[in-house]
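To begin, one chain is listed below as structure tokens, in the form predicted alone.
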Amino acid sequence: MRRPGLVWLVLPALFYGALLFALPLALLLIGSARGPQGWTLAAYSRFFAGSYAWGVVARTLRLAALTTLLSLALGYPAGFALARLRGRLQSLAVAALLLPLSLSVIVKAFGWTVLLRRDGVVNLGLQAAGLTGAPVRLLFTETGLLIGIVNIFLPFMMLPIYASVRQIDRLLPEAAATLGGGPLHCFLRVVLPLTLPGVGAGCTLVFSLAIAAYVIPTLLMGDAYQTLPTTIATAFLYLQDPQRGAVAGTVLLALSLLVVGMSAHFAARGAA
């Protein structure tokens, strides 16, 4: 039986969550649907009336999807390599992966503005390798944005995959091989399904972070590259139109919840 006294231990966390998360979200939803004339959805109609808002939503989803796919392509083999290391070398590699997470996103984004400029390290490396004969414009381009945002969010993809790979018994692929399975067959039928929980968690984390990113696109692309987070900031800070900002925030919240819900659904189906 549950002791009634333990319920009181949950109350501080519930109060904290309600005050800092539930209440602001409720105010955001109310602000998006309540205007001078009372309750109305006119703000949503105005927001989606033209092609500009649809372009912002598409650009936001495109950035989040490309960031997730590139992070998965880089993070999946890197997570395997990290899990296969042993002893002190693995500890050093994990520490090197976790250390950038202690830095502010602003600091890391500013660092990439230095690296991607025409006389930055990236251009100097490309020219030294003979890949380009002159500096390439990377800053304030989508290519430069993807380089920076994937680098910043890559640990959030690698860590769940690393945790999943570490739980795989090393004898399982060998057992599958003794039963006649080739390397590709063993990977697709044995290893890959066991790592899908980590892949799902990593994709959810990276997508959620990328779709809500504000600082990184602003510093690496400028104000001309409008996404939902930058649209929210513009509406509240410059246009003095809180209802438009609330509508954009609600749309962003709905997209994030949709992604999390789909991830939980596929995770539940995979566990079943």
Partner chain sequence: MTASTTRRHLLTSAAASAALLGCPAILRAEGGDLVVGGAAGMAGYMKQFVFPVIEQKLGIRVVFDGTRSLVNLEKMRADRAAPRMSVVLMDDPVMQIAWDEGLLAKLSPQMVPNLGRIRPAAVHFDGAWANYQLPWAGIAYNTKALPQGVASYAALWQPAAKGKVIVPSLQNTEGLWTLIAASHLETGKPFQDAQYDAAAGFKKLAALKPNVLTVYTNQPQAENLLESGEASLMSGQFSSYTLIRTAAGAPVGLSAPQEGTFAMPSGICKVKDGPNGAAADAFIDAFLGPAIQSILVEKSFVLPTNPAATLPPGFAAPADPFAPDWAFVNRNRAAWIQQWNQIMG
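Positions refer to the first chain, counted from 1. Everything numeric in this text was worked out from a predicted model, so none of it was measured.
Heads up, the form predicted in complex with the partner chain isn't pictured, but that's what we're talking about next.
Although the partner is absent from the chain shown here, R59, R118 and T234 each have a heavy atom within 4.5 Å of the partner chain in the model of the complex. Interface residue remark: A33 is not counted as part of the site for the partner chain in the model of the complex, having no heavy atom within 4.5 Å. Under a 4.5 angstroms non-hydrogen atom cutoff, the partner chain in the model of the complex lacks L70 among its neighbouring residues. Shown alone here, A201 lies farther than 4.5 Å from the partner chain in the model of the complex, counting heavy atoms only. For the chain shown alone, L99 is a contact residue for the partner chain in the model of the complex, at least one non-hydrogen atom being within 4.5 angstroms.
Residues within 4.5 angstroms of the partner chain in the model of the complex, judged by any non-hydrogen atom, belong to 158-166 and to none of the other stretches in 125-133, 158-166, 189-197, 173-181.
Scanning 112-149 for heavy atoms within 4.5 Å of the partner chain in the model of the complex gives T113, R117, R118, D119, R137, L139, F140 in sequence order.
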